[in-house]
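Below sits a lone chain in structure tokens, taken as the form predicted on its own.
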């Protein structure tokens, strides 16, 4: 069957239209990844890279959208022969100029120095990360989609330790912790190659994390970047309601570029899904606070009813003079630039009402 997404129309085997993590079968189309591709198109329209690599083609939808919506020249690699044939048919139907190779990601990544490399594999990004970091040009960009959330969120502790040499508490803050773990791992691998990264955009959706970073050369800046990686203790850094234990390593600096987020907010994207636009508009608030205040944790600890989020945000702003923000990491949490003692005081007053 034919499907339209953005400005692209592609043929997809009907039985391969699925939700959830990817598969190695030919012609896989992941409906859950529409937001991923939408946000990528918006960022690419701001960054305007000249040469783009879609390292794991599938149906070719991502590369075709890049050609049609951004005007950047895409290269697609796809090691599965049936998928490779399907991509060529879809490229022909969309009448776009795309280089398509029936070769591995590693092989194609080494053909050029790309301005933007997209790593969206069937599984962990870890085996492909060094190749991507080595073959993106100085000042270029790397897009990473991670679906191994059991490792990144700490729900499979031994896998977290084995794959990322880290410890993460699998609690209600796990998705921001997981993205910060992924970012710290990418930064560490970049530093090992005498390169450093600058976060551009980061978000969680369904079964995956998506981060986009800029990659540059420089040992001095790489050393400075490593200062952004460390451990956290929610007991001492967030609130005494949490257990006293270190977590990490994780990225402790910003997750998003203010300039890029503002540029996206100032533009109108006619062909993007409304859910994607809503998510992008919220990302600018994620760096207002490291982690966030999860109301359900406070309600559980103090044995109180969960207060209305809007009422708590309004009261907190009035009491502190600080603006309070929502977070896409949880529907029952806020980013509030106030200390935990003040937050707890306001929470208890509101929940008592």
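Keep in mind it's a predicted model, so treat the numbers as computed, not measured. Positions refer to the first chain, counted from 1.
Form predicted together with a small molecule: not shown, discussed below.
Participant: Since only the chain is shown here, I'm wondering whether residue 251 would be in contact with the small molecule in the predicted complex (any heavy atom pair within 4.5 Å).
Facilitator: Contact check for residue 251: no, nothing within 4.5 Å of the small molecule in the predicted complex.
Participant: With the partner left out here, check for me: in the predicted complex, does some heavy atom of residue 77 sit within 4.5 Å of the small molecule?
Facilitator: Residue 77 belongs to the contact set for the small molecule.
Participant: If you check in the predicted complex, is residue 83 within 4.5 Å of the small molecule, heavy atoms only?
Facilitator: Yes - in the predicted complex, heavy atoms of residue 83 and the small molecule come within 4.5 Å of each other.
Participant: Does residue 157 reach the small molecule in the predicted complex if we count a contact as any heavy atom within 4.5 Å?
Facilitator: Looking in the predicted complex, residue contacts with the small molecule do not include residue 157, since no heavy atom lies within 4.5 Å.
Participant: Going by heavy atoms within 4.5 Å, which of 264-272, 116-124, 228-236, 198-206 lines up against the small molecule in the predicted complex?
Facilitator: Within 4.5 Å of the partner lies stretch 116-124.
Participant: Of 221, 171, 106, 99, which one comes within 4.5 Å of the small molecule in the predicted complex, counting heavy atoms only?
Facilitator: Looking at 221, 171, 106, 99 one by one, just 106 meets the 4.5 Å heavy-atom criterion.
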